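Quick setup: one chain, the form predicted alone, written in structure tokens, and binding and motion questions come after.
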Amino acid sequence: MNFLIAPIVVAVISGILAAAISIVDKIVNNYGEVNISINGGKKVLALNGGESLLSSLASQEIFIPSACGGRGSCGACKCQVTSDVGIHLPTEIPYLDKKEMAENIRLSCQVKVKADIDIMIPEDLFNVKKIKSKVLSIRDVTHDIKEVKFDLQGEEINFKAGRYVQLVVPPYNKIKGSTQRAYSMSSKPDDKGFVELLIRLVPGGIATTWAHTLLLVGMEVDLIGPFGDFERSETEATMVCVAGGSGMAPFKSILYDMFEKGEINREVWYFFGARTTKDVLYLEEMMELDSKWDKFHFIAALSEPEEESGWTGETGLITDVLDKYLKTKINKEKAREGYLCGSPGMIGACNNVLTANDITIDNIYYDNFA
């Protein structure tokens, strides 16, 4: 009988301990009602303390951008805290420079709201909203990237081409609670009634695994946005754009927006890097746009082209191809600007090429993957 009694006793003791821990946690962490004062008191929120600043604001429909869903791994959810909330945490320091530290810029996902707090945020965040959308279509545009269109069901989203939204991922076998991930919109700003995203499968990724295996046409999904500051400038400078994979998204939005609005007198060079032909998305669409727009030039480059593919375009690393065109084909006498979308490593490498070819760092804009 002992072999039956022992597990039961352990289970009962574990249950009692779990209940005790839960009670103590509620007592110890009961901070009561606190106030969050925003932008010098322009807006004051009263709520129960104990949650992160990021989630506390979200509970009141004020959304701070967060590419990682509040895990402290993207550094996107910065805001200025003008009251005392203690020293910067080790989880914040890698994402802040000296100037930000001096101005008490904090990661809102790492700051716990324990008492009244004063913060400063950009005014345009008051226009960010959560929209309950419905999946309109899902299409494979490469072997690992899905194009997903969301019907906003009567709502509208107003944004500049290049902006992103946060996709709310519901609980499933990988996560107990919901989380969020940031994706650039590939749809045009004029298509206000729906949002299109390009979602690349990342092995083991929480959001991408869900999107590639469980997301179905007809499902209702929450989107939050718009966020971001990636956009084309209002100058006449030549645009030198570089992307790879799902980094196509903001450029698809920007380029079609420019073309449909008649902004075709501005010269644009768009470099897209991929390993093989199966990794190039929207090749036909980009080539068609190239044929219709005299000053638009699309250059795809494959680093590992298959012998049987018949590829006749550029080959090699996209940075090498970019460097070659900057030295030999893109007019050096005219002002040039860089536009990059990709991983930090890709952006760093392209920055080096652009600056080596006399495009100053303050004329380089990027959409950085978290």
Partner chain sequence: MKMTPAMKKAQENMLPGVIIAEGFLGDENKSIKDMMVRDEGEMSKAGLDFDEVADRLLYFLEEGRKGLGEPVTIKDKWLIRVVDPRGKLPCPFEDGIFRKMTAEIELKSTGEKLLVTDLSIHLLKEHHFIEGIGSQFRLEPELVKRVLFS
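As the structure is a computational prediction, the values presented were derived from the model and not from experiment. Positions refer to the first chain, counted from 1.
Unshown form predicted together with its partner chain; subsequent notes refer to it.
Between the options Gly218, Gly154, Gly262, Pro203, the residue in contact with its partner chain in the predicted bound form by a heavy atom within 4.5 angstroms is Pro203. Site annotation in the predicted bound form: the residue of Val44, Leu317, Ala335, Leu47 reaching within 4.5 Å of its partner chain with a heavy atom is Leu317. For its partner chain in the predicted bound form, the listed stretch (190 to 198, 251 to 259, 121 to 129, 174 to 182) containing residues with heavy atoms inside 4.5 Å is 174 to 182. Contact here is defined as any heavy atom lying within 4.5 Å of its partner chain in the predicted bound form, and by that definition each of Ala76, Pro94 and Arg275 is a contact residue. Contact annotation for Glu267: none of its heavy atoms lies within 4.5 Å of its partner chain in the predicted bound form. When its partner chain is considered in the predicted bound form, Asp144 lines it closely, a heavy atom lying within 4.5 Å. Contact check for Cys68: a non-hydrogen atom falls within 4.5 Å of its partner chain in the predicted bound form.
The shortest heavy atom separation between Ile359 and its partner chain in the predicted bound form exceeds 4.5 Å.
In sequence order, Gly244, Gly245 are the residues of 227 to 265 having a heavy atom within 4.5 Å of its partner chain in the predicted bound form; the partner itself is omitted from this view.
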